[in-house]
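One chain is shown next in C-alpha cells, namely the form predicted alone.
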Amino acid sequence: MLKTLGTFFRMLRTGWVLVRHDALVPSEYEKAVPWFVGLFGSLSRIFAIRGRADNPGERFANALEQLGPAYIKFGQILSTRGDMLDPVFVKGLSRLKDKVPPFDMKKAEDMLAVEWGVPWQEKLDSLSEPIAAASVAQVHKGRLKSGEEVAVKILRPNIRTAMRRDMDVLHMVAGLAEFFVPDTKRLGPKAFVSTADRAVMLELDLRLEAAAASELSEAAVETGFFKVPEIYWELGGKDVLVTEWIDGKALSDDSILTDPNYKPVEIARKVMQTFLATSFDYGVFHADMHEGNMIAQPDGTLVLIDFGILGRLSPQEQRFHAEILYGFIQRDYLRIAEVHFEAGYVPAHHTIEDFASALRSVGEPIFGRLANDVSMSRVLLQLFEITEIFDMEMQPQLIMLQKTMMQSEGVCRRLDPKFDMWSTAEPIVSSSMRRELGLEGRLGDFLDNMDRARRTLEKLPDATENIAALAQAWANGDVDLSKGVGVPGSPQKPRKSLPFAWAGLGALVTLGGVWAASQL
C-alpha cells in the first residue's frame, strides 16, 4: 500500500515537472491539440517557471533529465524521428543521445575502487574526465599499463533504485490508461511496459552488456557491416565495462553530415543493413540504435557501442518478418496478409483478401519512393487505423523489433534525406528468404519436426501410464469425470482491486503529458 502511494505521488510529480518546464502542453503546439487540452495547457502555464528555453524540445529534454533515466530513454526514441515530429522540437531533444550531464568524477573513481578492489591508478596509467554521459552510465577514456587506450563505462550511482521507481510509475500509468481509456487495451500498454521494464533492468548489469557485445561481435565478423569494440573481460564487473577505445565521430555529431572525410549516405546504408542482417539472419540485434550509440570511422567502418538492450527473434519470428518485408519489396500483398494470419497477428474472423487490400493501400503510395518523399507520420497513422479495423493487438515480444526499426530508419533519414529503404533492404531480405525457403531452410524444418517427434515419443510411455491410471481410478469410482476436477491447493485467481477513486486526476495529468508529446 505504501509503495503504491509513493508511486502515485511520483506520478503526480511527473506531471508537475512537465508543467513547470512548459513541456506538458507546450505553448508552441497549443493549436495542434483539442481545445480542452489546449485550455488545460494554458492554465498549466500559470505555474511554469519563467525564463525557460525557447525551444520546446529543449524544455522537454530538461524535464526528462529531471525526471529520471527511464524518461530520458523515451526522449532518445523521440529524438530519432525528425520526419514525424517538428524538426525544431527534435533538435532540442537531440542532446539526450549522449550529452546528459555527467556525475561527479570522485564518485566515478570511488565506484572503480569498489569494483576493482584497488584505486584505479593500479589498473590504469590515466583516466579522463567524462567524455560522454547518457541516461544510465557515463564513459571515460583511459590508458592501460600496457599502453592500449580504452573506454571505461561506469553506471550512474543508485541507478537501479532510480530506474525501478521510474518503471513503477510507468506501470501505474499503463494500468490507469487501460482502466480509464478501454480502447488502449488493444495496444497492450501494460504488456508494453512490462517488456520494456525487463529490457531496461537487464541493461543495468554491465556483465550482461559485455556478453551481448560478444554475441553480436560474431555477426559483425561474418557480415562485415559493422564492428564491435574488443572487451577487456578481466576489468569488467556489474558496474564497470572496459572496452577498446574507438576513434571517430558519433552519428549524433552534426559535423558528420558535412565533413568530407565521412560519407553519410554509405553510413546510412550500413546502419540499415546491420539491423536487417542481425535481425533476420541471426535473430539477435542491438535494440537501442540511436545516433549516440553508433560511431563512424574515417575509413568507413561503422562501430556499434552500448549493448545494454539486446533484441531477440525466434526462428519463426525471423521467417515471418523477413517474409513480410520481402512481400512489400515484391508488392505481394496477398502473401503479406497470409503471413499475418499464419502468425496469428490478425483474428481469424477477418478475411485475408480484405487485409491484403488494406495493406495495398499502405504499400503502393510509398513503394520505390525515397525517404524525403514519404511522410512516415502519415504512414504510421494509416497503419494504426488498419490495426484498429482488423482488431490487431500489440505483440509484446516484437516491441523491441518495432522500436529499433523506427530508430534505425530515423537515423538513416537524418544521414540521407533521400534514403532508399527498398534497395537497401532487398539484398539482405532476399538472401534471408532464399535461405529460409530454399533447400537449407526446408531441411532445417524437417530436422526440427523430427526432433519434436522424437521428444513426443519419449514422453509417450509416461503419458500412457497416466491415462491407464486415470482409467483405473474411474473404473474404481475414485474419480468422477462428469464433473470438473479441481486441483487441491491450487491458488484462486485474485480479484482485481479497483484503482483509488482519487487517482483519476493524477492519471489524466500524466497521460495528458504523454499524449501531448506524441502529438508534437
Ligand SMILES: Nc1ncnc2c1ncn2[C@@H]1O[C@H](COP(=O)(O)OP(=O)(O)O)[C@@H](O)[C@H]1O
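Don't overthink the numbering: it's just position in the shown sequence, from 1. Because the structure is predicted, anything quoted here is derived from the model rather than measured.
The following text describes the form predicted together with the named molecule, which does not appear among the structures shown.
Using a 4.5 angstroms threshold between heavy atoms, D420 stays clear of the named molecule in the predicted complex.
In the predicted complex, E244 approaches the named molecule with a heavy atom inside 4.5 Å. The named molecule in the predicted complex comes within 4.5 Å of a heavy atom belonging to D306. At a distance threshold of 4.5 angstroms between non-hydrogen atoms, P229 is in contact with the named molecule in the predicted complex. Contact with the named molecule in the predicted complex holds for all three of A134, A151 and I295, each having a heavy atom within 4.5 Å. Residues placing heavy atoms within 4.5 Å of the named molecule in the predicted complex fall in a single listed stretch, namely 285 to 293, out of 285 to 293, 216 to 224, 338 to 346, 158 to 166. Screening I267, V139, A210, L276 for any heavy atom within 4.5 Å of the named molecule in the predicted complex leaves a single hit, V139.
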